[in-house]
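Just the one chain here, the form predicted alone, laid out as structure tokens.
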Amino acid sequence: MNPVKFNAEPNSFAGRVILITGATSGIGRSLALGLAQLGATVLLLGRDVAALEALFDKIKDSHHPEPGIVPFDLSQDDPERLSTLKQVITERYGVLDGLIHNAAILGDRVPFEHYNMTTWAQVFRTNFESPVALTQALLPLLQQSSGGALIFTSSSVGYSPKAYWGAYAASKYALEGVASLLSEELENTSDIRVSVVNPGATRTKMRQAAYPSEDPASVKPPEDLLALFTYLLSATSGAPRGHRFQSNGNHQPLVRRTND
């Protein structure tokens, strides 16, 4: 089956609890709305409380399962907040069926020698360190799920860093490394399916900032990625574990086996 042709049945995500970072705009918002429509209870993580509340209202007004709001600034180091988040999810839901790491910031696109190290640290905090810490904190809850899914949203420059993409490329490259590590660690000890997704050119604010002269209408809308993500999140789709997926459905294993 081509993952981008996956057609989730109505209400097929009923009772599934899925946390989405960067949920208030772009790909994250589209996934939140699409998964809620399929019956999922979506936990909306973002730093803009007003935007979170507006999305909450939109989902509720559409008569989908009541979502959860998680105000959280991933650019800040906050271990206590992570512990509280885990406790709240445990008490309210008892399980986490999916964790989508979608939030990211672009940072600067300049030669490395001119890169501002304060910006570099902020990008790494948001794009790498916080997703790693969040994953570690919530992994026990994913273990409670039958068919839990852990998805890292990456980029073409995360797989093969390019000049002038600075901390963004480096942070995504590091994140893909952690995804590969987890995929191998969990292969024989857990049912959690670890995946990396390169969404490709998508109509988002980040894409517009990276390519200001590009016509937004020339690239796909975020909604076009829903089928791929539902395929990876579904407990019954048969999606392979430990693979890196392109937006067209092509995929390859995260871990390249060697004889070393």
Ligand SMILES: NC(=O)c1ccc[n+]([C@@H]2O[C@H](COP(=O)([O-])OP(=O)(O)OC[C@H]3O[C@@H](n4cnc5c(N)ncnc54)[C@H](OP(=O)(O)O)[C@@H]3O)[C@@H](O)[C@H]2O)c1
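Residue numbers run from 1 along the displayed sequence. In this text, all values refer to a predicted model and were calculated from it rather than measured experimentally.
Below: the form predicted in complex with this ligand, not depicted.
- Heavy atoms of residue 183 never reach within 4.5 Å of this ligand in the model of the complex, leaving it off the interface.
- This ligand is not drawn, but in the model of the complex it has a heavy atom within 4.5 Å of residue 73.
- Under a 4.5 angstroms non-hydrogen atom cutoff, this ligand in the model of the complex has residue 27 among its neighbouring residues.
- Within 4.5 Å of some heavy atom of this ligand in the model of the complex lies at least one heavy atom of residue 201.
- Exactly one listed residue, out of 169, 103, 142, 151, brings a non-hydrogen atom to within 4.5 Å of this ligand in the model of the complex: 103.
- For the three marked residues, 16, 39 and 193, no heavy atom of any sits within 4.5 Å of this ligand in the model of the complex.
- From the list 131-139, 89-97, 110-118, 73-81, the contact stretch for this ligand in the model of the complex under a 4.5 Å heavy atom rule is 73-81.
- Shown without its partner, the chain has no residue in segment 219-238 with a non-hydrogen atom within 4.5 angstroms of this ligand in the model of the complex.
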